[in-house]
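Presented as structure tokens, the chain that follows is alone, the form predicted on its own.
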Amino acid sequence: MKKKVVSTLLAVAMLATVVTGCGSSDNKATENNDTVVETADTTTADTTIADTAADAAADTAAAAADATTTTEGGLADKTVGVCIYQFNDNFMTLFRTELENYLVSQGFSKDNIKIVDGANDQATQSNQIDNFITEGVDVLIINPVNSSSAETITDKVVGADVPLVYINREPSADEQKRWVDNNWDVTYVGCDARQSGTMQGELIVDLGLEKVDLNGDGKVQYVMVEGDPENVDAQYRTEFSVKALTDAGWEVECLVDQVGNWDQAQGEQIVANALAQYGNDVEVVFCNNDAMALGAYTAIQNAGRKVNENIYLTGVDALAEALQLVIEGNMTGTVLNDHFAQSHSAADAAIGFANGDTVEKYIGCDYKKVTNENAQEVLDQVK
């Protein structure tokens, strides 16, 4: 008998104590043709993030113990192709490693899991998708180089009768509506980037305007370091981090807004140039991810500035290196982008498709603000 897979079960179990539990935001539910995945209130989590690490380990161990049963259902003979937009990405490295480990624990043969590097080139990734279809994989998991290519990718994969799980880079609402309208075996697993942007802004707002307005002119001057401008996560993090400040009634002034392509070296160069041009007028540096924030921190150091004293710095992902900076007081805060919950949910969706089960068209998870107060707990989880 096929084992019924509930795609959000693991994410809920993992995040009940740390983030909130898997689920989409109210806005996302509306965009996806009333397909609703409930989101818990991120402020009500009473237990520690460290507990979640233990829960995750226990869940994975249980899954491994259950692998024999799952394998009898045929997963050992199933093949899965995984397309990652770029291996040279800190967060996606954590994601793909955990994804593979969890798929194996669930009963897939490691030999039947093939993960390829798109090298941040859509043409390369498109060829890789073609190859997977030709090889006859049972399910595809795709982290698209360009979210705008989702319609073409979907048509190609659905046309080949292969189930498809998008991860991390969210296709448009119109594209997701097509999946619902046509009842295609396609889903998206990821977090709502608007939430992460809002939380970045809240990390600054929580400090108070008097503290952040270092030059006392009644407004906040900031530098924005963006990821890939075509990526919806970059767009939303850029927009909503600043919106959190204006929603709080703060006046803002953008000094620099440049694309760093998620890259640490580019982040360092952008912030170094901004500090050289604007000097002490730079009060806040927003980075769309932690890799660029790490570069920004180096530039801040080299400029003789001190984070949390005469400049503020935030990122997203909660990479171990960034968390250490938060603990040391050298980074104002970051936002946890839970690769455990997302990779496990993506695997569960793939398993559901492989077993012929019904899988929701949108599977979301929540972010969590990380400050000096909880950074050690998060580091204990992710390291």
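Keep in mind it's a predicted model, so treat the numbers as computed, not measured. The first residue of the sequence shown is number 1, and the count goes up from there.
From this point on, the text means the form predicted together with a small molecule, which you will not see here.
- The stretch in contact with the small molecule in the predicted bound form, judged by heavy atoms within 4.5 Å, is 228-236, chosen from 228-236, 245-253, 299-307, 175-183.
- The single contact residue among M92, V157, A150, L214, judged by any heavy atom lying within 4.5 Å of the small molecule in the predicted bound form, is M92.
- None of Y102, Y85, Y166, F286 but one reaches within 4.5 angstroms of the small molecule in the predicted bound form through a heavy atom, and that residue is Y85.
- Contact annotation: D317 falls within 4.5 Å of the small molecule in the predicted bound form, judged by heavy atom distances.
- For the chain shown alone, N337 is a contact residue for the small molecule in the predicted bound form, at least one non-hydrogen atom being within 4.5 angstroms.
- At a distance threshold of 4.5 angstroms between non-hydrogen atoms, W262 is in contact with the small molecule in the predicted bound form.
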